[in-house]
Structures are given as C-alpha cells and as structure tokens.
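Presented as structure tokens, the chain that follows is alone, the form predicted alone.
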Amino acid sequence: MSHDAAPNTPARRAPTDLHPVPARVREGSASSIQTLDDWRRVWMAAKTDPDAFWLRETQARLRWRTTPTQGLHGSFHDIADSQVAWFADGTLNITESCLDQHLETRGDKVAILWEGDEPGQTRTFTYRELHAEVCRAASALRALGVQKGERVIVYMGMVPEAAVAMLACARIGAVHSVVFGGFSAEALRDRVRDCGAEVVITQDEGLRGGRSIPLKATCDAALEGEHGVRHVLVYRRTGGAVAWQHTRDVWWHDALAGASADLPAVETAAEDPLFVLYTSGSTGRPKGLVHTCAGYLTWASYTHEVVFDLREDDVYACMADVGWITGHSYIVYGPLANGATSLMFESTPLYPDAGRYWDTVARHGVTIFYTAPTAIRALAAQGDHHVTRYDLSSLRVLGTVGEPINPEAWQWYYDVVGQGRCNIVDTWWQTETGGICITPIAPATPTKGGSATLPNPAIVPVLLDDDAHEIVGPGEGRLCLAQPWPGMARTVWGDHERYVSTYFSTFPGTYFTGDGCRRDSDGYHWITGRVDDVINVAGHRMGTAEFEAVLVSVDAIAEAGVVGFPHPIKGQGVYAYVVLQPGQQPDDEALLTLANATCRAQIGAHARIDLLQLVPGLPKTRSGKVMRRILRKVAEGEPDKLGDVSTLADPSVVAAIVAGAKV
C-alpha cells in the first residue's frame, strides 16, 4: 500500500538541528568508538602517535608475510624529494587479507551478493567460491603473460567479474587500473597509453537501466592502431555479437576453464602499487593516482568497519560503480578485508521505477546502505510512496558519498528512508584520500543535515585563508589536511612533480584538498564545494579544461569557458560560455546538441553540458587569463557579486554575459 509519509516517523526537525544518534543504531554495537568521548580519545591517539596506532591496526587487520615494524616514513614537508610511506618494511599480498584469511571462519559466508539490471536477478559468491574464481582468473592472466608490476586495464560494467578481475591482478602482483564503463573510446585510449597497459579486461556488453552498453565495441575503437596491448580478455554478459581479433581477443570463460582454483599469491612490498585510478585534473589531462598495497587496504578496512559500525551479520550495500574510488574502497577492498557481505548493484535507482533501491533493500535485508546525494535528490522528487511501500526495517545505517548533500535531501533521507531510526554518515573524501576522511561515526556522532561533521582518526583538517593563515575556531576557508594518513595516494603515475604541484604547492606542508569548508561552533565541517577548476557532477569529477578542449574542437566554436553551477538534482551542473568563430550563426539549442554529442564521444556519456550561452567574448585580464570567478558568479545567479572588473582587458563583455545569462 502506498503512503505519502513514512509510518511511525518522529516529528521532523529542521535539517540543520543536531540529531542525536537513534537508540537502534547503538544497540548491539561493539565498536571501539561509541560516544564522542571515545572519538576524542581515539582521534587524539592517532594524531599524537600515528606509528603505534596504525601499526596496531594493520597488524590486527591484514595478513602479513613479513610483519612491519615501521609506521609512517616521511612528511608533507619533504614530499617533493621522496614519497610518504607506511609500513615500508612489511610484505604481504592483499588478496590473502581479503580472501584467504576468511576461508576457515567465513568460507561459506556470502562475500559478494549481486543484484543484476532486472529486479530479482541475483548471483552470490561465498568467500570460498570467490577465492577459487580469483585464483582461476589470476592463473588466466598469468597464462596471458601478465607479470608482477605490469598494468592491466579493467573496462567493465557492474558485474562480479569486475571485482574478480581486480583481485586477480592483485593476486599476481599486477597493477590494475579500472576505467568507468561510461567513458568514451578516446578516454579509454588515453588511460591505456598513460599507464602502458598490455592487457585489457572488458565484456561484450554492459546492461544498465534496460539498455545495453557496447563495452567491447568501445574498447575496440580505443585500441585501433594501438600496438602495445597484447590481449583483450572478454567476459560474456549478454551474448551480443561483437567483433573479434583472434590473435588478440580471448573469452573469459575459455581462459578460466581448467585454470587453477588455488593459485599461491605473489609476495609484494607494502609500498608496491596496488592500482592506478584516473581522476580529472584542471589541465584537461587525467591524473593517474597511485595507491599502494598495505596503507590503502589498512585505511579502507578501518574506515569501512568503524564509520559504518560493521557487524558480522550485516548486509552492506554500496550503490557506486567499481570504476570510481568508492567502488574500489567500499564495494571491493574494505568490505572483503573485513569479511563482510557486499552487495553489487548493476542497474539504476529509477529502473524499472523509483522503488528499485528500496525493493533491493527489502528483498536482501540490507542493513547498511551507501549512495550518492544525486540519487537521493532524484528519488525524493518521485514521491515518498516509492519508499514507504517497502519494508525497510532492516536498515540501521545510511550513508552518502561523492558530493555535499543539501540539508533538505538529507532530511528526506533521514525521515522517509530511515524513518528516524537510522543514523546518516555523510562522508567526505576523495580519490586521492583512498577512503573516508571526515564523517559521522554511526553509533557515536550526533548529526546535522548537510554536515560531514568530524574527522576520522589520522585526519587532521585545517582551514586556511588565501594567505595561508590558519583559521582557528568557527570560520570558512580552504580545506587542507595537516598530517599523512595510510590511505593517501602516493604519487601520480609517471609524474611525481605533478602530484607535488597539484596537492602540496598551494599551501606547503599540507595536503590541499581543492575544497572549501566551513567549520561551525561545534567543530562540525560543512564542505562548500570545489575551489579549483574541477566540477563535481553527480559524483563524477570532471575538469573544466576537459570540456573546454572538446568545445573548441567543434568547428563553429572559437573559445569556451566552462564552470559549475548549482543543480537541483546533480549538485553541480555544467555551464558553458561559448564564443563563435567569425561568420558562424547557429542558435544556442542546435549548438548545445552538437556540443553534447561531441562531449559524449570524446569524454563519455556522463559528460553533458546543461546550459550553453553564446557570448561576444570571455572576461580576460590584460595578460589573457580568463577571470573564472565572474563566469561562476553569473552561473550561480549572483551577477551583483562580481567584484572588481577593472583589470579586465574589455569590461564591456561582462554586461553582455550578465544580460544573456541562462539562470
């Protein structure tokens, strides 16, 4: 039966009120952090003696071949000359922590619970079954010639075999780089070239929301003329017809047939690379962030268990894609290291209707549910009855990830989905951080709608003004992190100088996140969004330079300036200011259609311009630099807050931009 409001829901509070931890969340918790006093004690221990704290955690969580005696090596002050390292004298293979160590005690427990594109289409892998499948896939990769340290691209949809492929690479010491299945052939080609991959793992087609995604065809287009890739391993998902190169392409099922189901793991050093994951940069050239084995897995395991208050009988569902860091840390590595049951979801929140998430929760008895604010806003707009017709009584912890959540959407999530009985962990972190950094702890932290609240142990946030002066107490500034933590990316693949200049040169001695942040009188943190040239659209981080490079490749366009603007569903939308070539006269809508087709082809299906405005020129200084703050303020609907424009080479363009604004 449908209802307009959740039954038995407590009286609604204002979103930014302090919400105490619901009693149900604390019941049965065995967490090391159950109160704010616990949090203060543990946070201070990790801050004052990180070596002792993290050596104790890593030795308890991971299966080591050589147990480390060293904690942290290096600091942010000397990062230009050497990389920060954690547990550097230890050796291990991370798959032994994710799989082998569970075989005796959890061998028959479900490790991966897969929900396919169609409701009720499920598959399960127990820890014993997953171990065997990973060993077979690792044996197949070895038979294809993959060696320790070599890179393997994984370009797949949300199928269990994507996780198997990642773990199989780790089993033999190879470095995987997962590329989101929505990326274009050109984007895939760039990543293959940058990391020097010699093997690509893909599938015939993906399925998402009832539509097929031509993954193999896109992969073929990406590799046309590329001679460095020796083999393409193809998982059959749909049985759709695909082109085939017999000297290069190999079916997954053929390669795994007869392969060893008990392959010994290759020993790796703690600081050996585990994976390279590309994220958008302000230059338009993607950055391949390198995460290493032991520090990353320690951080993913710790944050997954502590933030969500993981329990042995939990059914944990992260609705992200393995192509992003959230999928790496909180679908695959963190949950498996902790012996959890991790749900993988192939479909979309609106297929076949807006009740899909809640149907999945009810059928599988999900206790912890983790998704993006974009999905929450989209579902809230569809009406409460899509939620309330399902039994969601199994839920205990709700999470958000990928972008700041607005207080109104947070309150809907709390009241309608959680029915006032669940705590919400609004998690702030990045691809670069490897795992959750600022967040409520489920059984311990009172929450405020829209606030990421307090830092995890090991995270020491500082707010700096433009002159690098620290803001003490309540205030707003640039969010930086003052101390290293185990999960941090160590470098950019092949370009340590870029890593240093991007993250450690703006405010030397700290890691600059690129985000703005406000701290309130309770010490809670409110992320205010990007302050660099990166747009966060529905959790997809894309560089403005990427869009601009694509736009100027369109014959009719001479120049382009791209900024983000507030979007009611996606958090941020993409606003393009376009200067036409002389003699060109297309209208806005025709040009927008052409521009989006070009963005889709060159970047991927997720890259879409929402608003396009034709302008006579861009606001440039006399030295030719575009003053983006002007473009941002117009896109944000604040043309009265443009500030000083006297340094512009042609101030008259500002009036034209304001007059033609789309917001």
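All values derive from a computational prediction rather than experimental measurement. Residue indices: 1-based, along the sequence shown.
Beyond what is shown, the protein has a form predicted in complex with a small molecule; the following relates to that form.
**Student:** All three of R285, Y499 and T544 touching the small molecule in the predicted bound form at 4.5 Å, heavy atom to heavy atom?
**Tutor:** No, the whole trio is out of contact, none within 4.5 Å by any heavy atom.
**Student:** With the small molecule left out of view, which of D321, E305, D415, E432 would have a heavy atom within 4.5 Å of it in the predicted bound form?
**Tutor:** Of D321, E305, D415, E432, the residue with a heavy atom within 4.5 Å of the small molecule in the predicted bound form is E432.
**Student:** So the small molecule isn't shown here. In the predicted bound form, which residue out of P457, P349, P443, P404 has a non-hydrogen atom within 4.5 Å of it?
**Tutor:** So the residue touching the small molecule in the predicted bound form, by this definition, is P404.
**Student:** My question is simply whether T292 lines the interface with the small molecule in the predicted bound form - judged by any non-hydrogen atom within 4.5 Å.
**Tutor:** Answer no; every heavy atom of T292 is more than 4.5 Å from the small molecule in the predicted bound form.
**Student:** According to a 4.5 angstroms non-hydrogen atom cut-off, is T427 in contact with the small molecule in the predicted bound form?
**Tutor:** Output for T427 is yes: heavy atoms within 4.5 Å of the small molecule.
**Student:** Test of understanding: in the predicted bound form, would E271 fall inside 4.5 Å of the small molecule by heavy atoms?
**Tutor:** No, E271 stays farther than 4.5 Å from the small molecule in the predicted bound form.
**Student:** Heavy atom to heavy atom, is L591 within 4.5 Å of the small molecule in the predicted bound form?
**Tutor:** Contact check for L591: no, nothing within 4.5 Å of the small molecule in the predicted bound form.
**Student:** Of these, 394 to 402, 556 to 564, 349 to 357, 186 to 194, which stretch puts a heavy atom within 4.5 angstroms of the small molecule in the predicted bound form?
**Tutor:** Among the candidates, contact is made by 394 to 402.
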